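Take a look at this single chain, the form predicted alone, given in structure tokens.
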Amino acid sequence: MTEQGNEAPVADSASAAEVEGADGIRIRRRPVTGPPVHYVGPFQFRLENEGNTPRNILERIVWDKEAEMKERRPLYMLKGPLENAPPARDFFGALKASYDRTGLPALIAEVKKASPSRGVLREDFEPVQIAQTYEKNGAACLSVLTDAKYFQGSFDYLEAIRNAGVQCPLLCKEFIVDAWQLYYARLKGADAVLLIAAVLPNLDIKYMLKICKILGMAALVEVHDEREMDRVLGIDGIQLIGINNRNLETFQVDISNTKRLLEGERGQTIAQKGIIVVGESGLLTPEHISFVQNAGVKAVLVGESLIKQEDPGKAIAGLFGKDISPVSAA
């Protein structure tokens, strides 16, 4: 473990306005006028203004995640356990192999108990059993929600799935704001992590990509719009780009967003660089899968439409319109 830094450099050294101007960051990393809750005498006041009130749910999650980082263990305490962590598996290679095997976008199936907007998605939530079912029914990789406050996730779920012998590479679905989280995700068995371009400036993304390479992990860099896509395409070393079809402000979903971001020169650049594009949000039917595949997507990340079904594994065949399990192809 040669990279010892545990702070992403840009977000802390520049003002929010400077960062937004330079990189077009959509999400403020922390309140610009102080904490959202102020204590005056025996009373608690929440000052509602643009500076210290989150503008959307992602910003609220990020602010809380920044606060969580203050409770972390020092990075040096992870070094010993990290040396004994199971080796990282090839997340990118697993997606490519699945696409080559089925001729359909590789599935990253999400182990997800709840969401901020929809509440609990599955009451009988058994993460290991769900993961095993996804793998048996053709998932190339798995995404595991680790955020506790908003998604009722846990790093313990990630660790349990890895220790149970699931062979699918695992994506740690966390809101990354600090390099420390990368080391911790690897310690818990992650083979890949999510980096959100709306949250992280370019320099932070570059910095975290280097750490991922040192740790042997892949990085799925998520974009929402043309500006974020252009930013990410300008960064060397990107292998995986996720296009989230959910609008950050309205939370409305429009899968035509994927096609729009892959048209013209952007699509050509992606092809030239050998980047795998992952479609995210709003993918519910075989027609949706076909639409994003025709746009240039070679993998999809799907959570709610699978986890809410009585048999999440069998729901995979319904999503793709055919059985994509390895057994069916044998």
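Note that the coordinates shown come from a computational prediction; the quantities given were computed from them, not determined experimentally. One-based numbering along the sequence shown.
One more form of this protein exists, namely the form predicted in complex with a small molecule; it is left out here, but the text below deals with it.
A.B. asks: Pick the stretch from 75-83, 99-107, 241-249, 201-209 whose residues have a heavy atom within 4.5 Å of the small molecule in the predicted bound form.
C.D. replies: That would be stretch 241-249.
A.B. asks: I need to confirm a contact call. Of 175, 155, 92, 180, which residue comes within 4.5 Å of the small molecule in the predicted bound form, counting heavy atoms only?
C.D. replies: Of 175, 155, 92, 180, the residue with a heavy atom within 4.5 Å of the small molecule in the predicted bound form is 175.
A.B. asks: Answer with one of 168, 196, 232, 187: the residue that has a non-hydrogen atom within 4.5 Å of the small molecule in the predicted bound form.
C.D. replies: It is 196.
A.B. asks: If we define contact as a non-hydrogen atom of the residue within 4.5 angstroms of the partner, is residue 292 a contact of the small molecule in the predicted bound form?
C.D. replies: No - in the predicted bound form, heavy atoms of residue 292 and the small molecule never come within 4.5 Å of each other.
A.B. asks: Give a yes/no on whether residue 304 approaches the small molecule to within 4.5 Å in the predicted bound form, heavy atoms considered.
C.D. replies: Contact check for residue 304: yes, within 4.5 Å of the small molecule in the predicted bound form.
A.B. asks: Is residue 281 one of the residues lying within 4.5 Å of the small molecule in the predicted bound form, judged by heavy atom distances?
C.D. replies: Contact with the small molecule, yes.
A.B. asks: Residue 135 versus the small molecule, in the predicted bound form: is there a non-hydrogen atom within 4.5 Å?
C.D. replies: Answer no; every heavy atom of residue 135 is more than 4.5 Å from the small molecule in the predicted bound form.
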